[in-house]
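Below, in C-alpha cells: the form predicted alone, a single chain.
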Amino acid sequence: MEQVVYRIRRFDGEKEFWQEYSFAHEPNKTVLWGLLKIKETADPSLAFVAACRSAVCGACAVRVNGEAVLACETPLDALLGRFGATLVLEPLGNFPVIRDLVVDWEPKAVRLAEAKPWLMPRDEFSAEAGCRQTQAEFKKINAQTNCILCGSCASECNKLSTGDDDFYEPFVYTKAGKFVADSRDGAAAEHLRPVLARGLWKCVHCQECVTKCPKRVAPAEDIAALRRESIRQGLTDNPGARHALAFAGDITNSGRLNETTMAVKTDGLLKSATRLPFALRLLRRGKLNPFHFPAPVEGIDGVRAIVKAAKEAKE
C-alpha cells in the first residue's frame, strides 16, 4: 500500500461537507499521525484536537469507519488492514460539533457536574488527618479512575442516539459510581439521586460503552452497580426498581415470570390502566391470560438456593 486516503466529514460552522486527503503510507504510525500530516503538509484549515499524544488526556477521540477511537494510540496499519486504504473520519457521535472533528464538551461538562463527581468526605475525616482508605478499598474504585473523559462511550451509546433528555452520557454514571463506591465518601445519595432522575434504569444494555472504551472502563457495569446500590438504599420509588424487584420476586416465588402482573407491579394500577386497549388486543389474540398464575417450576428449591446465595455473596 503506497497511498492512504482519509475521507473526513467536515463542518465550517454552517454546513457539512466531505473532503478527501491522500498521503504516502508510512509503517508503524497512528491515526493522529495522518491527521497531523494533512494539517502540516496539505490543509492547515483542518480542525481537530490533540494534546498529550499518550492516551492520557482523551482529547483526540474521533470516529473512524463508524467506531470511536483515540487517534493518538490507534495503529494506522491495523485499520488499513481491516478496512483498506480509505478510512472515513468523523467527529464523535452524540456531541454538538464546533468545527470539523472538534466537538463541544461544555454541555457535557454541565451534565457531568449534576452528578456531583467529587468527594464529599465522611464526618470522621478531617483536613489535618486527610481521607485515608485501605488498598482493598481503593481497588473497588480503581477501574473507574482510568476514565479519561475521552467521550468514546457517549459517542457510541445507542440510548443517547435517541435523545439525551432522559439519559446521561455513560461516563457520567461511571464518575458517579466511583464516588458512591468510594469508602471515603459520605454522601452516596447525593450522587445517586441525579442519575436516578436521569435514566439510570433506561440503559439498553447494548454494551457499546464497554467495547469502545479505550481504557477498558465498563460504564454498563457501573450502571448496574448504581442500580443495586439505589435499591439497597431504599430508592425504589421508580419504575426501574419496581420492575427489577418484581422480576426477582417472580423468579424466587415460582422460577418464572408472571407477565400478567408484571406491568401492574412496575407501573402501578393507574398507569397500567392507560394500556388497557393494548391488553385487550393481547387478550383477543390469546397472548394474555389474566387468570394464569404459573405454578413453581420443577426444581424451584434449587432456584431459591441460587437467589439466596447471590444475595449473600453481595452482602
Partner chain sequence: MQTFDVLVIGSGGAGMRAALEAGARGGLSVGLMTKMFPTRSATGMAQGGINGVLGNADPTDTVDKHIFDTVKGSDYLGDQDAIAFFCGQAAAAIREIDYYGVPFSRDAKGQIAQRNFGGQSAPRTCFSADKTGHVILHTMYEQCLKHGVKMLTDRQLLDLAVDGDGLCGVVALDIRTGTVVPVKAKAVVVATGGAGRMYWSRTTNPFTSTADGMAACFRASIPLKDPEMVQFHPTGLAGTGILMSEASRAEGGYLYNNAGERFMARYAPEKMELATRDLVSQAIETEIREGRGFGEGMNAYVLLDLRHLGREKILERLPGIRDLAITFEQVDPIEAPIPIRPSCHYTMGGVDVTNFRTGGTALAGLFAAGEAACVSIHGANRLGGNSLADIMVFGKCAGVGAADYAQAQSREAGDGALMAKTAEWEARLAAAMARGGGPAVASIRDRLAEAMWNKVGIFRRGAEMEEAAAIVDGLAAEYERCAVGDDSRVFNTALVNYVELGNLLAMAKAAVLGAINRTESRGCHLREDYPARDDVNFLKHTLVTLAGAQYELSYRPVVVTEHQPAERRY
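Being a predicted model, the structure only gives us computed values, none of them experimental. Numbering follows the first chain given and starts at 1.
One more form of this protein exists, namely the form predicted in complex with the partner chain; it is left out here, but the text below deals with it.
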Do heavy atoms from each of G66, I231 and A241 fall within 4.5 Å of the partner chain in the predicted bound form? no
Which listed residue (L79, A188, A224, L112) meets the criterion of a heavy atom within 4.5 Å of the partner chain in the predicted bound form? L112
4.5 Å heavy atom contact, K159 and the partner chain in the predicted bound form: no
According to a 4.5 angstroms non-hydrogen atom cut-off, is P117 in contact with the partner chain in the predicted bound form? yes
May I ask you to check whether E128 falls inside a 4.5 Å heavy atom distance of the partner chain in the predicted bound form? yes
Residue contact check: D166 to the partner chain in the predicted bound form, 4.5 Å heavy atom: no
Interface segment, criterion being heavy atoms within 4.5 Å of the partner chain in the predicted bound form, picked from 82 to 90, 190 to 198, 175 to 183, 231 to 239: 175 to 183
Taking the partner chain in the predicted bound form and a 4.5 Å non-hydrogen atom cutoff, the residues of 87 to 123 making contact are I98, R99, V102, D104, W105, E106, A109, L112, A113, P117, W118, L119, P121
